[in-house]
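So this first bit is one chain, no partners, the form predicted on its own, shown in structure tokens.
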């Protein structure tokens, strides 16, 4: 089977680009220095590729990801980098601790008590380092760690996600802002203790020499937003569409809002060369994306390349929610489909 034979919209992963991205990150952050974030791909087959590169600790965003990773033998060290007070899901993760090491992020007395009541063994204190999302105040971290230990939990250390800094484009400004965020995290760690200081993402992966693990995830597949930063990773994931209408001025392909994460704006698009060579997926001519609707993307026509039944490559602006909208990813090399990877960690 070749790319052209796939029913569309189809999520495809370029095996060559994926391997390059994994190797590049593994060279920069080998082994336990990287805790890959599986929320970016929600796929145990891809996680197994990361594990084969030496990364046996993983970050998860949902209990479903934790349980799916554990069930697939990828539970050496799993971190739910998210708070939960759902007793059913917490008990399910606690039941999986016989076959996997599972650590839960906590940032309040309520989340600590919920974890302890469910039988969770290990926690990290989640510290807010500038992103107004989850995380306790740095000055409150030590008190929460004491409460967790009094509740019988093992406090493994701290985590803090500087997500508000991922897309800072000025390199030196980003370096200074990351350093300030890590000052907060390290001050909290001094009060908390434990072996783990965890932070970071794809946009700041190479700016962390004071933490012992980085939670990057999008590097494996990439998207157009991260593509603006000049990172040493290439686009490895696309959504293939079929042109279903074309009038010479614009064309319409069958990739719409229900197949793309749109919170970072419109995707990019280019035509697909059917007879790909030996350099992975062969894109043809770039074309302007006019807008997306429920089932369609409207693009500028390219003479001879956007006829009805032609294929186009849509490049997601935000990879994480895009992947989560698909049931399967097709692994391809040089235009040939070589494997079918279920997106088996979808849901919560």
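If you're wondering where the values come from, they're calculated on a predicted model, not measured in any experiment. Positions refer to the first chain, counted from 1.
As for the form predicted in complex with a further copy of the same chain, it is not shown, yet the points below apply to it.
Chemist: What is the one choice in 116, 196, 186, 243 with a heavy atom within 4.5 Å of a further copy of the same chain in the predicted bound form?
Modeler: When a further copy of the same chain is considered in the predicted bound form, the option within 4.5 Å is 243.
Chemist: Check each of 208, 177, 89, 147 and return the one that places a heavy atom within 4.5 angstroms of a further copy of the same chain in the predicted bound form.
Modeler: That would be 89.
Chemist: Looking in the predicted bound form, any heavy atom of residue 173 within 4.5 Å of a further copy of the same chain?
Modeler: Residue-level check for residue 173: no, no contact with a further copy of the same chain.
Chemist: Does a further copy of the same chain come within 4.5 Å of any heavy atom of residue 143 in the predicted bound form?
Modeler: Because no heavy atom of residue 143 falls inside 4.5 Å of a further copy of the same chain in the predicted bound form, the answer is no.
Chemist: So in the predicted bound form, is a further copy of the same chain close enough to residue 342 to count as touching (4.5 Å, heavy atoms)?
Modeler: No, residue 342 stays farther than 4.5 Å from a further copy of the same chain in the predicted bound form.
Chemist: Can you check whether residue 107 is within 4.5 Å of a further copy of the same chain in the predicted bound form, heavy atom basis?
Modeler: Taking the distances in the predicted bound form, the answer for residue 107 is yes, it comes within 4.5 Å of a further copy of the same chain.
Chemist: Name the stretch: of 306 to 314, 45 to 53, 22 to 30, 66 to 74, exactly one has residues whose heavy atoms fall within 4.5 Å of a further copy of the same chain in the predicted bound form.
Modeler: Result for this chain: 306 to 314.
Chemist: Going by heavy atoms, what in 116 to 134 lies within 4.5 angstroms of a further copy of the same chain in the predicted bound form?
Modeler: Contacting residues: 128, 131, 132, 133, 134.
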